[in-house]
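Quick heads-up: it's one chain on its own, the form predicted alone, in structure tokens.
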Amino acid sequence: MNLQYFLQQLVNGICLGGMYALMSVGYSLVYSIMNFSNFAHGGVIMVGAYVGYFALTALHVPFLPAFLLCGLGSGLLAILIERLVYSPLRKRHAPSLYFIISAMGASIFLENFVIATIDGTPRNYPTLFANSISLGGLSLGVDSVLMIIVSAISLLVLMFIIQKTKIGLAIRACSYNEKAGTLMGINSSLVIFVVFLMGGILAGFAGMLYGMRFIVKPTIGQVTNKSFVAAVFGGLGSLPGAIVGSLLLGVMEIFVASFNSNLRDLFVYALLILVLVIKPSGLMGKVVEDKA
């Protein structure tokens, strides 16, 4: 393996890891506040991919407005799911298992709703960026460069909100102890609203980037299985852990695929089992017994 090939695969892995990061932070944000894994997140990403596709093809909207529309549509869908599916469970103080089952049901509903209303035919995004960029012997598609830039900017903005704003402080307080935060005057309903909105917006961005690079179909939400592995690998409930885990998983998956493409999925899920057996808290997570 020469240096140029190594660097090319490394960049490809960072691109893939950046997309995983946009997906996995949604898992970590919800988990940190509500103590369950939001498996409906894949459906939100799938809807974002479709919003971008129809905005570009049916409405002929330019790329940037279509991209922002994806984030808006997915953010509103994430809030709608929280209000209709999770909020009634929260009010009844239901166990985490009920949330997980409801999330799976919501994901299956969204997938089949799209099949029933649109159809299940795979669709390809129109070619938006035909040129590639050569940099130091590396060949990068414009979509790959865009994926890195968008992922980096989105995650930096998210980290700024979490670390430097009042709502970010409220989110961090509730992630440690929601009941104590409520007693201190924090509006937990508002915190949950913002968490789902931010996670949904990033899911919409990820959905459009995935659709541009691969394909749009009702089952693309299943790609979040790997972003969930990345979140577990980095540490569920840890935002930096989700980002680091996603980047590492993306790079490792690309290098495994360059050796044998048939092993990439096997490697990812073997890694999940290994992490759960050896270090369930992940690279940067905390061991919390009552979280599911």
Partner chain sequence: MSMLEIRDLNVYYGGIHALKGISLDVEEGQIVSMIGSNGAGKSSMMNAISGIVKYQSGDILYRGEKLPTMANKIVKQGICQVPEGRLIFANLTTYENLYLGAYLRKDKDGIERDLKRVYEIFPRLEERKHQIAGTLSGGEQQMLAMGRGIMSAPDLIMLDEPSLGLAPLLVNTIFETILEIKAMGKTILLVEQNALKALSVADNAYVLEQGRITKSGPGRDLLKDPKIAEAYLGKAAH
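Values in this document were obtained by computation on a predicted structure and should not be read as measured data. Residue numbers count along the first chain shown, from 1.
One more form of this protein exists, namely the form predicted together with the partner chain; it is left out here, but the text below deals with it.
With the partner removed from view, the residue among R90, R83, R123, R172 that has a non-hydrogen atom within 4.5 Å of the partner chain in the predicted bound form turns out to be R172. For the options M184, I153, I133, L97, the one in contact with the partner chain in the predicted bound form, meaning a heavy atom within 4.5 Å, is M184. For A180, a non-hydrogen atom is located within 4.5 Å of the partner chain in the predicted bound form, even though that partner is not displayed.
The partner chain is not drawn, but in the predicted bound form it has a heavy atom within 4.5 Å of Y176. Between 115-123, 211-219, 184-192, 137-145, the stretch whose residues reach within 4.5 angstroms of the partner chain in the predicted bound form through a non-hydrogen atom is 184-192.
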